[in-house]
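Quick heads-up: it's one chain on its own, the form predicted on its own, in structure tokens.
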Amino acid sequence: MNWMPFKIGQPKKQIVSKTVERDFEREHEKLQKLEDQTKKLHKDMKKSTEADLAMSKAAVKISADLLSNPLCEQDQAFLDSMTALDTAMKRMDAFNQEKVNQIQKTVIDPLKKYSSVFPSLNMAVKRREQALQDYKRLQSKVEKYEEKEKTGPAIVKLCQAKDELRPVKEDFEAKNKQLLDEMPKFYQSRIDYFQPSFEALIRAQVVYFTEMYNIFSQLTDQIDEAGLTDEQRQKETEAKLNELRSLSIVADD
């Protein structure tokens, strides 16, 4: 086991206050969570729209299969019902496609664009960290020469180390200040950025479900001529099933 009694390149002087470091870590953590949440929301929205499209396409396929059922050739009432169902499913699919297209443009695409900003932000954080490590290394170097005996060569090296430290310190302080100023602004901007998208999502859903209500209300009027309740239909279906079970070819052995 290797044991190091001290960290190489770590200055004795605290070059960044605990308050500043704590503020930086807090703001950076908030942006990391925001990045994760944005990516997850983008992924979930894509899954949702894909599932919506799959559902309406499946409904159209089912209605088409029912319409091609041989029974439609023998029973005009059944043919009329299946034709009405097929028309309703195609209308539903068309409105669903329109809704998905709207959500793609107003929600999914903006989420993707927002996510594309984070790599640049993460790179700025990495450059700040690299500048901090350079700053610590050179500060430690200055401290080392300050502790040496004040001979001519040692003083020369100390002056050189300080000259080397100065621009590195300024570079870190500039990067640190910029991030501390801009990270909270970026985090706060999410509200103004996403609010129009979420409002558009709500409007798209309201329009879609309003149309669905109209479509299925019309379909109900077309096929529900008998005006039976669900309970009555269930009993009717059970009675028909019992008739089928009474046939000898389906009787139990």
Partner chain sequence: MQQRLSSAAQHSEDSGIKRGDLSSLQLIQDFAEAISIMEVSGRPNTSPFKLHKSASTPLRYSGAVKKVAKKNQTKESGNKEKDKQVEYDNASSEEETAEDLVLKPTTDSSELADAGAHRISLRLPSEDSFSEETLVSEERLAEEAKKKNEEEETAAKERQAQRQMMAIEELVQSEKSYLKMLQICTVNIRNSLNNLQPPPPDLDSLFLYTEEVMNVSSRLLSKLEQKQLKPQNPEFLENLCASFLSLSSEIEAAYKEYLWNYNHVSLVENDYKQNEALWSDIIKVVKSAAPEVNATSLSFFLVMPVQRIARYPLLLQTIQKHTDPSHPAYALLEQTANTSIALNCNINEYKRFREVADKYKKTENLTIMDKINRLSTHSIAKKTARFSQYIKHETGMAPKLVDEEFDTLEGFFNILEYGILVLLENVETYLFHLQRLLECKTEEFDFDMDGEKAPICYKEIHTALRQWILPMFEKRMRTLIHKPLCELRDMLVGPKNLIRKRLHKLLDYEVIEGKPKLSYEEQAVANAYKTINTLLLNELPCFNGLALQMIWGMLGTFSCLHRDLAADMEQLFQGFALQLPHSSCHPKEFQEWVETAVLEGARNLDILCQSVQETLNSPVVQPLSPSCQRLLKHLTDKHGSGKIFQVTNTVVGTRDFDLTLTKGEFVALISEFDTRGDKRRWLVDSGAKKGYVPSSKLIRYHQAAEDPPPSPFLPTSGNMMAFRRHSCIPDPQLIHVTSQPLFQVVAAYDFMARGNHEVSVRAGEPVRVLESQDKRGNSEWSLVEARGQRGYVPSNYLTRMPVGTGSLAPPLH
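Positions refer to the first chain, counted from 1. Note that the structure is predicted; figures quoted are calculated from it, not measured. Whichever C-alpha set is largest while still superposing within 1.5 Å between the two forms counts as the rigid core.
Quick note: we don't show the form predicted together with its partner chain, though the next part is all about it.
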item: Answer option from Leu121, Leu132, Val142, Val100, heavy atom within 4.5 Å of its partner chain in the predicted bound form; value: Leu121
item: Contact label in the predicted bound form: Arg22 to its partner chain, heavy atom within 4.5 Å; value: no
item: 4.5 angstroms heavy atom contact with its partner chain in the predicted bound form for Lys90; value: no
item: Residue contact check: Ala94 to its partner chain in the predicted bound form, 4.5 Å heavy atom; value: no
item: Proximity of Lys148 to its partner chain in the predicted bound form, heavy atoms at 4.5 Å; value: no
item: Contacts with its partner chain in the predicted bound form - residues in 69-86 whose heavy atoms fall within 4.5 Å; value: Asn69, Pro70, Leu71, Gln74, Asp75, Ala77, Phe78, Ser81, Met82, Leu85
item: After fitting the core, Glu98 CA displacement of 2 Å or more between this form and the one not shown; value: no
item: C-alpha of Leu79 moved at least 2 Å between this form and the one not shown on rigid core; value: yes
item: Shift of Lys157 between this form and the one not shown at or above 2 Å (CA, core fit); value: yes
